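For this one, two forms of the same chain are given in structure tokens, first as structure 1 and then as structure 2.
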Structure 1
């Protein structure tokens, strides 16, 4: 292309042009490769945590992407087993009348005697914390293993290169039945223990883990259904963690609290910041410079200076005159700690939002208002009917940034919302997940909760990317 636009040249010059074009192409290729590399580095941890959250034990070593939950063979098996266990191919279970067929195969080297494996439905409590307390019914009390039979052997060799071991594939089939009447149980765990030398190969559903030096193939649930299998930790997040008092699913409550907090914080921020921004941008009055300086200065003072007094203010119900506390107007005579209302109060002071609105109103030409001014419209009319409709883009951006701020906010909820568990927002709730489950190394539930709580902001970011990028120039970096 470029050669065509310049005057005809000698063969040497054309070769040189050609050489330079090749270098440009190569440089673009390298830049793309580097960007891809950086993208992998920055998205990698989130993505890897998301994939690992599907694993039975995300801490199982070594970390890998080849996990049974991502193999389609296990999906169909999980659906079939869920159907057999409780006529539910999605979430599975173990219900009266269930007959669950299962197969397990071993590799047995030549010369090792085959002994029939022992199949047991163990009394295993799921997880830690409340989940363990709430599980009252055990599949072990209702399940019986029937009809354990050896299938025909198939000769096979394992290993590669010089190290091959010849032997055979020995498979067993059996059924687990629900005996008599009883409740429907969430899960049907299973332990299959073989003799030393028999190596676990495969089973209808891949074993959750191998214990006792590989002798015991242990299954957390052989009737999971597709979602119960692939999204096991996610289902646990909702089902297993409940309030001891009301048995509500805590994770659901936290999601609700987070949305409520975000909604009211957006409404309050938009109202207060647009009014204050309008006054600072458009009206001339004594003290304007001082107030604007305070707006800037208040953003520089660390939260740790403010929270001491603000905590006490909330505790004492904002203003106390004699027996009257101001917070009783909102129905909190005993102070506003551990309430979303208190949290909204203490986070309603948002000088950054005032600053953004002021800047935006200053960018609207004054002529727009002058027509209204001649008509003698009040300041309120000018603000509400003239300026605010024009401010939709700024209000939209502020809404999104405020939502992100509220959804991700850690410090104030951490101070204000300490008990009971049902008052917490998602970030603080996740922290109590960590305290309960992290201590016993059960990271599946923590990662699942973390991944889910990141989803709303990620969706918002993908849809409204532009606003986030502008937010950087408004408010600078985030730690």
Structure 2
């Protein structure tokens, strides 16, 4: 006889369903936790670099995310001071007629004599590198401190380790005025030096740094405006890095050169890769297999192997008839070094792009082209009107890969583009940042430039990411 089966009760069935639901949620939570962990690992350094690029001194220890540039109180103060200095809440400045009110407070322990602090507008240049050699106007030539007065003291105690120190809060208020007529100046630095024993507490705008063992509260700019305060290092990359001859912003020039190089490299790569890939995938001709093997072989050749020969071609050209050289076709009879044309000439052809397009074209059903062939479409017509619209996922992915490769390319631009400064691309310009500002420890400007160099790649990936999804779904479909 068969053993009788006992049907589960309603309570047991409900408990089993709850157990399954908890198991599903546990699996989903584990997956999301892993994804979050990977996101922190990969995005964390970029996020920390972005926050550090906002700091006045990114090397300050200990590292922290609670920086003055991210405090709303400083945003409000920076906007108010920028309005007082140049009637500009966003980027501030110091203009004729300005009257800038400012306050600073100290903690003075009991028994310490209070001496009025020294308030000075110093003749301070904005930074190192090119900012240290350009002719600029100094706010110290037009500014004067007025009406320095002591505010009522407030008793207070502070903790110093295991000790509690009693004393009082001593605050001073004053104004910095623009005397007479003159140019509008983009920054108003300030130094406030107190006597020994007085400890800096706070001010209208948080001090950029404390010097002379904390006696001097130094401000790089007390009229920055909210954007000039938060994005100070980013503003500096455009304002300080200029050509000594033309005063043109080199950072803008480098960005334009990188976009130009990336654009033409994308156009040339997509055109050649799509046509060559279509020919290798669809056309039948003698030597097709050999050509494809050469394409695969060229991917295995390291860049350094072709370095000398390609460099000589760019420098001297290829003599064909008399003094005529290959570079003469592009208007460079003396060679294509120090030109974006020469850079595109040696980097545009990419065997990997041809291989990607060939493989994608082979995944497209032939019946689609056969239908167009019945209607009398030529090879060119089928390529342009039938196959290319279906190849958008591959073209989008190739656009991202090509742009990223061109935008971040360092080796060939470093070899080809040597002088003048206005011909360089952004990665080579960032190297100039490293050599110029890194030597004096001004890493804020370097980090700002590096973060901005990553933004176009991120934006392009966000715009074209759907083509990756389309490529996956198309590749998974049945023919």
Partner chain sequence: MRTKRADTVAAYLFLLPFLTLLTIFFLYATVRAVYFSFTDYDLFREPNWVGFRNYLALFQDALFLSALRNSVLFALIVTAIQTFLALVMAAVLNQKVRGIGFFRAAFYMPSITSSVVITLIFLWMFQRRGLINYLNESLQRWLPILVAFVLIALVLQVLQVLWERSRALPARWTDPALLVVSLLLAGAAIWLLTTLGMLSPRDVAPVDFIWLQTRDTIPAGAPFWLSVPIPLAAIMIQNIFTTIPTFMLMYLAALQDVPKSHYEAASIDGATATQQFFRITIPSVAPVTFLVLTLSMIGTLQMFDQVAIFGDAAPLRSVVTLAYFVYNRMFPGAQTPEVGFAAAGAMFLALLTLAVVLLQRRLVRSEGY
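Residue numbers count along the first chain shown, from 1. The model shown is predicted, which means the values in this text are computed figures rather than measured ones. For clarity, a rigid core is taken as the largest C-alpha set superposing within 1.5 Å between two forms.
Q: Tell me which of the two structures is the form predicted alone, please.
A: Answer is structure 2, the other one does not fit.
Q: Is residue 105 one of the residues whose C-alpha moves 2 Å or more between structures 1 and 2 after the core fit?
A: It does not, since the residue 105 C-alpha is displaced less than 2 Å between structures 1 and 2 after the core fit.
Q: For a quick test of reading the superposition: does residue 21 move by 2 Å or more at the CA between structures 1 and 2, rigid core aligned?
A: Superposed on the core, residue 21 moves its C-alpha 2 Å or more between structures 1 and 2.
Q: Aligned on the rigid core, do the two forms place the Cα of residue 73 2 Å or more apart, comparing between structures 1 and 2?
A: Where the cores coincide, residue 73 shows only a C-alpha shift between structures 1 and 2 that is less than 2 Å.
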